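In the block that follows, a single chain appears as structure tokens, in the form predicted alone.
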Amino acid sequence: MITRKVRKWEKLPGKNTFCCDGRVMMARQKGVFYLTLFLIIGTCSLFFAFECPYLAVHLSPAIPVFAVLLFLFVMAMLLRTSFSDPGVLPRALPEEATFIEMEIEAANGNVPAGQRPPPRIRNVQINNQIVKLKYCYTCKIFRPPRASHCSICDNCVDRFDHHCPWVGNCVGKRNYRYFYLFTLSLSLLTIYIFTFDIVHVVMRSVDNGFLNTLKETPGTYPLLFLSDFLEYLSFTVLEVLVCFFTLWSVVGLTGFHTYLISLNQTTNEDIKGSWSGKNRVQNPYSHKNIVKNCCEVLCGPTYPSVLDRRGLMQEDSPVSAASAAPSSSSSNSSSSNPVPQTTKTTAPLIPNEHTPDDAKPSIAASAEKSPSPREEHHPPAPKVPPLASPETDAETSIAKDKTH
């Protein structure tokens, strides 16, 4: 087993995507978010390119300046909403989940076979009113008040409002105020561009007429297949149409959330009718004052994330058999065939002109210490008696006669 350190966001369950080493957190479905960026950036780019130069000269140079500031604020609120943690609650650890299961079984007792177990609910008191905490079978926790499980992101989100595909993220406790500021500023930007597009067309139409203005407006292209009224397509007309159809949805959404903030209520609670159902239960989170409710939602403290996405954790990864086999074979071979030890001489075997005289070994010493290769590998040959010759035979015979 090899232990290595990884970031916690790499092991977080759920259906979220992370970027920039866990700093950016979004949902996996981001196609509509890219469409939102395209509509905002595209419409504002056309306004800056074709209307702002004329309005800055003939009306006021403050018009493009204010439009740029409003555009930057809209983009900042959009990215802040999309890239932040909405308030995801961590799931229970295996030990915690086991302990909660034991508590539930002890509280419910033995349920007879064939009967449905009672619902897993805990009751807490908030502002002298009983609020039910529901158990999440996916996260293995009792959800806090106003929390709910998002089926798209597969996470429990604290003070869950809704999942917004236009921002590519859930809207919850930690990013709701930025979402509301985004819708509010986008409504103002849409009204601003729509108004000054109309002003631009009217100012040009005073002298030349409406149709001639469409023909002479910068960014106009001929469309021969249309009627005389729409013979020319102007980017100004395109901007007016986009802003007109966007205006009703964005302004209506902003008004709806303004109503919810004044009651200190979420979209999820409003859809379910949590505080306006048959029981007519009072909202325990409302201060019965519009100003106080708005201050709590928009000016309250910024809550830290409880996920610790960039924290470090240790992970045990098993060693594969392919990598373990060569190491074991190499260790076995090294143990069976020990490597002979070698020693280094301080002086070279063959002296040269760069070797000092003290370090040069003498020829006799080198001859004594280093035997020749022949002596090392071949034993001394045995002495062979000389071959017989006629002279030696005569001498040996004479010596034998004398002895006799």
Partner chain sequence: MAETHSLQDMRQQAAVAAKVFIQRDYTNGTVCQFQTKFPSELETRIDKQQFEETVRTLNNLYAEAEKLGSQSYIEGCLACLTAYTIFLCMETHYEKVLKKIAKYIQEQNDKIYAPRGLLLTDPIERGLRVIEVTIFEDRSLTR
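Positions refer to the first chain, counted from 1. Remember, it's a predicted structure, so these values are computed and weren't measured experimentally.
Below: the form predicted in complex with its partner chain, not depicted.
Just one listed stretch, out of 297 to 305, 186 to 194, 238 to 246, 162 to 170, contacts its partner chain in the model of the complex at the 4.5 Å heavy atom level, and that stretch is 297 to 305. Though its partner chain is absent from this view, in the model of the complex it lies within 4.5 Å of a heavy atom of just one residue from Arg120, Arg91, His149, Arg310, which is Arg91. Only one of Leu263, Val251, Val281, Ala76 comes within 4.5 Å of its partner chain in the model of the complex through a heavy atom, and that residue is Ala76. Although its partner chain is omitted here, in the model of the complex all of Glu95, Asn127 and Pro145 have a heavy atom within 4.5 Å of it. Though the partner is left out of this view, His287 does reach within 4.5 Å of its partner chain in the model of the complex, counting heavy atoms only.
Taking non-hydrogen atoms only, Phe99 approaches its partner chain to within 4.5 angstroms in the model of the complex.
Of the heavy atoms in Leu181, some are within 4.5 Å of its partner chain in the model of the complex.
Among residues of the shown chain, Ile141 is one whose heavy atoms approach its partner chain to within 4.5 Å in the model of the complex.
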